[in-house]
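Here we start with a single chain on its own, the form predicted alone, put down as C-alpha cells.
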Amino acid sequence: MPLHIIVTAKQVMDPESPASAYRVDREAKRVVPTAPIPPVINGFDENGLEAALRIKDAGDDVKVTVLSAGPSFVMDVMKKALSMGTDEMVLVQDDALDGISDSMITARVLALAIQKIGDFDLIIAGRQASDWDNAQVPLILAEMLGLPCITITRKVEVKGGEVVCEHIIDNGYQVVSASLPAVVTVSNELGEPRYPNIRNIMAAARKTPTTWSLADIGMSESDLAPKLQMLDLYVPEKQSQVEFIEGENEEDAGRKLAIKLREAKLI
C-alpha cells in the first residue's frame, strides 16, 4: 500500500490585494470584494503541499490527495495544487458553506470527508489561513479524528511508521516525532513551494476533481449551526495624537518633556 498523504488547502481572498479591493459589510458580518480579484490557495497551505511533495520525492510509493471545502471554487486556482504534482483532489462543495467562519464546522466537514476518503497515513495542513488567521482547524481536526498533532513545523519527514518534524520555537527548533497516522501543520519557514512545470500543468488539465456535497459526506444544513457567535466585524479605526513640547531652549523643552513622560508614568 502506498503512503497516503492528505493535504488540506483553502481557497482564500488574495492577501496581496489592496485594502481598497474589499469592504466590510457590518450588517452581514462579512468581507465583500469591490473588484473582481481572483482568489488564491492559502499561502501556508501551499507550504503544506510542498512538504507533502518533498516526502513524495523522497519515497518510492507515495500518494498525495488535496482536500478542500467551500461554497464554490475557481478551478484554475485550485488545480494549481494538481499542477504542483499532487495525485488527486477532493472538493466538498456546497452553497450551505457560504459564510461559514466557525472552525468547529470546518473541521467537522473535513473530518467527515477524510473518513469518506478512507485509508490515510498523514494529514498535512498550513499553520493557519490568511483570511481569518484562527489557526484552529487542524488542531480540532486532529482531536475529532483522535490523532496526534505536531504544529508549526519547518521540515516534515516520514521514517518507518513515524512522522519526524522540526517544530519551530522562538530561538530555533525542536525535533518532534509521532506515530502514524498523524496531523502536521506547516509554516512558511519550510521554504518556497515549487512552481508548477509544463508537464504537471498538462497532467492537471486532464484530471477531474472528485466533488462531494454535504449530503455525500453525511451532513445536512442543520449540522452547520455555529458554536461561535460573531458579534461584530469592522475595520479598526486609527487615531493619532501628537503634542509638541516647546521651551525657551532645547534644555527647557527636554525638561518639560521629561515631566510629561513622568506624569504619564512612562518613565
Partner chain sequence: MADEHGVLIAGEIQEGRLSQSTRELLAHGRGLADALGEELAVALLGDDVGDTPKEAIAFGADRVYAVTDPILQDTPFDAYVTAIHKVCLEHPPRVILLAKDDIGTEVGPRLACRLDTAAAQDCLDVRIDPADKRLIAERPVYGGSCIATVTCSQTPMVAIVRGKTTEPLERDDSRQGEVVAIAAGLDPSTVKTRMTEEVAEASEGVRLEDASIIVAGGRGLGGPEPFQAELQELADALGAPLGASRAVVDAGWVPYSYQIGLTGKTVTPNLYITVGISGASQHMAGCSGAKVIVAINKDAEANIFKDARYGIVGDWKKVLPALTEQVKALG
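Numbering follows the first chain given and starts at 1. Remember, it's a predicted structure, so these values are computed and weren't measured experimentally.
Omitted here: the form predicted in complex with its partner chain. The next part is about that form.
Heavy atoms within 4.5 Å of its partner chain in the model of the complex map, among the stretches 194-202, 213-221, 61-69, 233-241, onto 233-241 alone. Residue contact check for residue 37: none of its heavy atoms lie within 4.5 Å of its partner chain in the model of the complex. Residue contact with its partner chain in the model of the complex: residue 154 places a heavy atom within 4.5 Å of it. Although the partner is absent here, residue 228 is a contact residue: one of its heavy atoms lies within 4.5 angstroms of its partner chain in the model of the complex. The closest non-hydrogen atom of residue 133 lies within 4.5 Å of its partner chain in the model of the complex. Residue in contact with its partner chain in the model of the complex (any heavy atom within 4.5 Å), chosen from 77, 96, 117, 149: 149. For the partner-free chain shown, 13, 15, 22, 24 of 13-27 come within 4.5 angstroms of its partner chain in the model of the complex, judged by any non-hydrogen atom.
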